[in-house]
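Take a look at this single chain, the form predicted alone, given in structure tokens.
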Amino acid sequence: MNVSDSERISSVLARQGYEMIDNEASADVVIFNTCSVREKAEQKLYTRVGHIRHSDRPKPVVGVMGCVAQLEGETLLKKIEGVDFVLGTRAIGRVADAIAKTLKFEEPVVDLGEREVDYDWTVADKYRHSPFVAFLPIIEGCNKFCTYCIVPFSRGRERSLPASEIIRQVLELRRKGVKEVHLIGQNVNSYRPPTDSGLEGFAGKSPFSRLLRAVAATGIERVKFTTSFPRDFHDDIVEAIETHDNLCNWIHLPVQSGSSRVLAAMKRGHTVEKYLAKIDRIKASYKDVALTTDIIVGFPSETEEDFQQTVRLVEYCGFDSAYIFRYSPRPGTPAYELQDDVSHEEKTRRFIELERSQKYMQNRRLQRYVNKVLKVLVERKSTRTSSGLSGHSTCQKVVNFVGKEDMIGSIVDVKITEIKANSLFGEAV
């Protein structure tokens, strides 16, 4: 989501005559687009702004945007010397105005307001992270209020984009040569558009599954989506993936814990049994669907037995990969009021044990791709080998292989010959 925001910030400024440069030391304006999910990102912000403030170069206009800006607001101006403007997560469209005001009045600007009614979600071609892959927000915000999570406070309530606008953008991206679109949001399967316009005639029990079918009907070559929320993930999503070849065989479904007691303390809204029922349905699909997840270890009151239940869940699910985090209290969240009673040393031990178990299962899972042919969207030259190319499969695996440079931007068949820790190697068929 932050990459998508940065693309749109760059697009807004480009329309006002600004130009992105590679050398930060020569920039007239430096903008930090921030994340607040983990405390380390905030600490990095303070360090980076400090480097600019104490350098010998002419001082640029310095702006802070994103989730840290939304949460801290005007207090950032007191915490960090040298910040000229602070814009919240829904003020992206007004970034050029903030710079202009800063230059004109030479006073800090703070804007935490709502998004404009006529906000333009499009991204200029030159500022997309890839000419072949596009991130497309379909919903922003979150209504779930998991006790450890700051996102509902930094991103606001759930707001879905009209389906007709999403379809229009997908068609435009396809026309420009984009091969793969990622429908993104904090909880994509919570998608609830203001009207059903654009979804009429498409099957599915939920608006999100109907949206998937509508996007698939545009004919774009690949459709992926992230992130899903277990409570809102229903069978009709799997059915849509099974029905349409261009809906990719990858699902990211964060579980966070393998203990129903801890899940209740996190207010996740699902039990382990309900989560596993969804996993079983996905595994029962005739498509080989790759599964990824997020897990937190060391949540307040997590016992050794709670943790071992998480280890057993990982072994049962056989995730293709997992993002594992040590719990850290985030000010402003309900969990911040809980006693952080799992020591740092114990969190680290559990992290290492779970990571070891996940890597073992991950390696076993990856073996199924040996001698299998995967369709790979070739995105760039590989840094691993000479004459190497790199891309992603439909199942969201990084695949490296030797090929000709004119393959970049194409979808090619690659036979997998070797498994690495986090990627696959193969040869073009």
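If you're wondering where the values come from, they're calculated on a predicted model, not measured in any experiment. Start at 1 and count along the sequence shown; that's the residue number.
The same protein also exists as the form predicted together with a small molecule; that form is not shown, yet it is the one meant from here on.
Participant: In the model of the complex, which of the listed residues (132, 327, 351, 202) lies with a heavy atom within 4.5 Å of the small molecule?
Facilitator: Contact check passes for 327.
Participant: Considering the small molecule in the model of the complex, which of 160, 206, 292, 187 comes within 4.5 Å of it through any heavy atom?
Facilitator: Going through each option in turn, the one that passes is 187.
Participant: Residue 250 near the small molecule in the model of the complex, any heavy atom under 4.5 Å?
Facilitator: Flag for residue 250 set to no.
Participant: Decide whether residue 137 counts as a contact residue for the small molecule in the model of the complex under a heavy atom distance cut-off of 4.5 Å.
Facilitator: No, residue 137 stays farther than 4.5 Å from the small molecule in the model of the complex.
Participant: Would residue 41 show up as a contact with the small molecule in the model of the complex if we use heavy atoms at 4.5 Å?
Facilitator: Output for residue 41 is no: heavy atoms all beyond 4.5 Å of the small molecule.
Participant: Taking heavy atoms and a 4.5 Å cut-off, does residue 149 contact the small molecule in the model of the complex?
Facilitator: Yes, contact at 4.5 Å.
Participant: Only one of 68 to 76, 210 to 218, 83 to 91, 327 to 335 gets a heavy atom within 4.5 Å of the small molecule in the model of the complex; which is it?
Facilitator: After filtering at 4.5 Å, what remains is 327 to 335.
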